[in-house]
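Two forms, one chain: they're shown below as structure tokens, one block per form, named structure 1 and structure 2.
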Structure 1
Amino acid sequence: MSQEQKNKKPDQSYWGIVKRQFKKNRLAVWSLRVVYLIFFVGIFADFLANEKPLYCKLEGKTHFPVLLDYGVSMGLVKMPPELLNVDWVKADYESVLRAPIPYSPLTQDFDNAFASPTKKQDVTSWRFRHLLGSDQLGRDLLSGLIHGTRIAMLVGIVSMSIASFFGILLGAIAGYFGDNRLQVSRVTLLLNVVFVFFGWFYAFEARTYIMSDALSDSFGSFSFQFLISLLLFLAIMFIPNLIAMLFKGISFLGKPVTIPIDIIISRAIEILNSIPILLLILSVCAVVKKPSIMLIMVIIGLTGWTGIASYIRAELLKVRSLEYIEAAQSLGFSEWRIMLRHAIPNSLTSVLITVAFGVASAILTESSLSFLGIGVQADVVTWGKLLNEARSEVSSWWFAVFPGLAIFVTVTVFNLLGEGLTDAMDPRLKQ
């Protein structure tokens, strides 16, 4: 180490201190490295386990089948006719570069049904051996685990993104405004209360049959119809606020009314916390003709915001009385601008901790549903579905051990990461 590096003072900023504190926790550091590995496997799953080669030369033509699949799925290119019926496993290649695991999660190898990872397998070379075994149709377990990693990460990221949006917004409103700082004029409140019934009726009640049919058809159709209803509701609710501007000059109608928003959101959090998420998902999936993994993500996200809201509400209760908030108020900035541009950005540290624990919880919830065979399409491979295979064939111990280990390791590292962030961000431990 050079003398310049020795004399360099450590970063004394908040995040510099958090980084040093986090590095002292070896379990948290290794957990973060495992999380990086999990994300890598999830992102590059098609390149790590695929029956289609990464590169091949077939009948004098060069192809990149895995990359071609990406282009076809995005609608950028069309699959060449000569590749539509190719047996990618047994094709007569002039040259070929395969993925490390030469099987897709749904590739069937009937010669090696229920192949044990520790016993002899009927393969042409070690390259095609099922390293972690196979199921009753000869589908490779390791390939299923690799592609299941992508689903697990998607569930965690998408569901917690939804939960973070609603949790941060509602928690910040509750904490910043409290029960006595959110005020609207009498005419605005009165017109909004009246129009909310019109908005609900025309946007949702009048379109009940349309949305029910869409929900029975697919979650994508329902999402589109729900978006239309939401936009219609917002358009209707814009009308009373426009009308209210015309009557604010009247002293009686323009008099401000205080809304106890904190207690309203707090009671909503308590109500949602009392509803079992698993039971709610089971109820929704029971009425949906084609349940999907996206539906599960949305439900987990819409019911998982309460923890984030509670944390950021507590932070905003402290932040709203600090000097820089008072300075912004003295400059005449609106309360909404102060909350969105100053209060919330300085209160997000606790959200990172909650999100880390929330990702673990979301993955565990999805695995539980997949294990029960609920909410996941037949062609989607998840860790829970792989674990369910052990129920049909008790002797296939590898389907109980390896998917269970993947779920255990992933949930554990996210929990350890959350604990590490909790300790690193604790002001009492900053040195």
Structure 2
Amino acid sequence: MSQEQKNKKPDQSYWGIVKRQFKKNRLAVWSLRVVYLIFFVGIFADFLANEKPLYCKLEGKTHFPVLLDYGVSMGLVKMPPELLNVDWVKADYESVLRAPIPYSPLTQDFDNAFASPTKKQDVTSWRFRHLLGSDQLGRDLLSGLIHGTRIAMLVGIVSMSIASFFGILLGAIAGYFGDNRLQVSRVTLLLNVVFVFFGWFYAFEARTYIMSDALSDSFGSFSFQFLISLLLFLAIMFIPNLIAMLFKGISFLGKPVTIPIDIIISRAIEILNSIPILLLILSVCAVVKKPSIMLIMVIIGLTGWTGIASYIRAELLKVRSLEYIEAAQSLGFSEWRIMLRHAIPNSLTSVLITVAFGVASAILTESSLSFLGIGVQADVVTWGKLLNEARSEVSSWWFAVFPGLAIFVTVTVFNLLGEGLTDAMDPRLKQ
């Protein structure tokens, strides 16, 4: 890659130009730094705000309780029995190194219920002050915000990964093949239609109960079962394409049929766009027995691909008539290979813009849902949920200000990032 070389001359590669343009936009550069900070806080939330000390010496033994928690949750080690009933905040340590915020989001501190960040608090030292206040059970707001960062980050990553996968694939197919370039032989089409039915039947219908049992068990095991079903489906869909090879020689069966794939995909985009996402998620949450934050991320992802798809569709409409694509065609590569290996990579960078805006809107959607109290389990702390706590007590202004500020800053930063990328990639600005 040319941008890795350290030339004296300014880098003239596409990325080099984009980078230079991006760096001129100070607002966008600062936004990127805030994004890094958000990721840092999200990843190290357990080390930043935790009632358990990072290191402690208790009854002559040294422990690393936070690290220990990771080990326990991964099943590597067992919790030592002497640590099971420790009151982490008030325990008598011989020596201790606490997390910067010595509270977990659910740690209760009844001495400091509704502690105001500006007023005197009933704490032994400044170390234990609730810097941004606490709620009626004395749960620390700052700790909640730090752990909520992780949820917000996850929402952005999970939903946008799903959305990017579907958006890039479907948008590229619609843009590259258009309405008259996707041609398959009659026999392939026929066999595929028949086998979609069989694939669906054996992979999903016959495994309904396996999957629904897994869903009531946990979301993880459901994902696993769903993956198996998906692989089974793909395996079944492999068969008709194999059989079709044999019959292609027969002129009647081998005659090509054109599939107007662009119309089909554009229509699907239009349908999805016409359903207000919040209402759709509300309806789905009403139907599902145990809605979880994971489910909401997945729905946001499954409905949010339309923006990316329209974007990449427009890109590929331009790309497909470029000379290098024609060159690849004349070399005899298959259309799918050209699309996947040559056309899509060339337009991927611009998808970053839509992803940046998408992360912002995904975080906004999730926080408004948890603000409404929909789809959040009791033990999960999110920004929206914290903001809603302000409604129960007028005097706790800190719950009205800080969680909303966190949402606002995150959303703005991602929007600014998207705006900065748009400007940087705009070819009119290239010098």
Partner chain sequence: MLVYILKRILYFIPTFFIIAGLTFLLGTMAPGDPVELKLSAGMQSSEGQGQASDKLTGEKAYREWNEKLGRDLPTFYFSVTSKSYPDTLYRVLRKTERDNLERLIDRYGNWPQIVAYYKSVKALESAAISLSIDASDSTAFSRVKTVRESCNNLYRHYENEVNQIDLDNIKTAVNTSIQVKDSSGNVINYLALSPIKAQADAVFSSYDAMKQQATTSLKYVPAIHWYGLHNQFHRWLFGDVPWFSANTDPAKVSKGFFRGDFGDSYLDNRPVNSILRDAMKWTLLMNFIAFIIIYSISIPVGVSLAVKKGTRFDKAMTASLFILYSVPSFWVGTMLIIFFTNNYYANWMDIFPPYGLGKIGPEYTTWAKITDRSYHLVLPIFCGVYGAFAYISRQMRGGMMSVLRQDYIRTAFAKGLAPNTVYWKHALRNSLIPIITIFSSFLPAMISGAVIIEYLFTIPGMGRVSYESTVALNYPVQFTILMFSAILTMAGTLLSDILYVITDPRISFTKREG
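One-based numbering along structure 1's sequence throughout. Between two forms, the rigid core is defined as the largest C-alpha subset superposing within 1.5 Å. Predicted model, so just to flag it, every value in this text is computed and none were measured.
Q: Please let me know, 1 or 2, which structure is the form predicted together with the partner chain?
A: Looking at both, the form predicted together with the partner chain is number 2.
Q: So between structures 1 and 2 the chain behaves as two rigid pieces; does V284 sit with W398?
A: Taking the motion between structures 1 and 2 as two rigid parts, W398 shares its part with V284.
Q: What turn in degrees does the smaller rigid part make against its larger partner between structures 1 and 2?
A: Value: 12 degrees, smaller part relative to larger.
Q: If the core is used for the superposition, what shift in Å does the C-alpha of A206 show between structures 1 and 2?
A: For A206, the alpha-carbon shift amounts to 5.8 Å.
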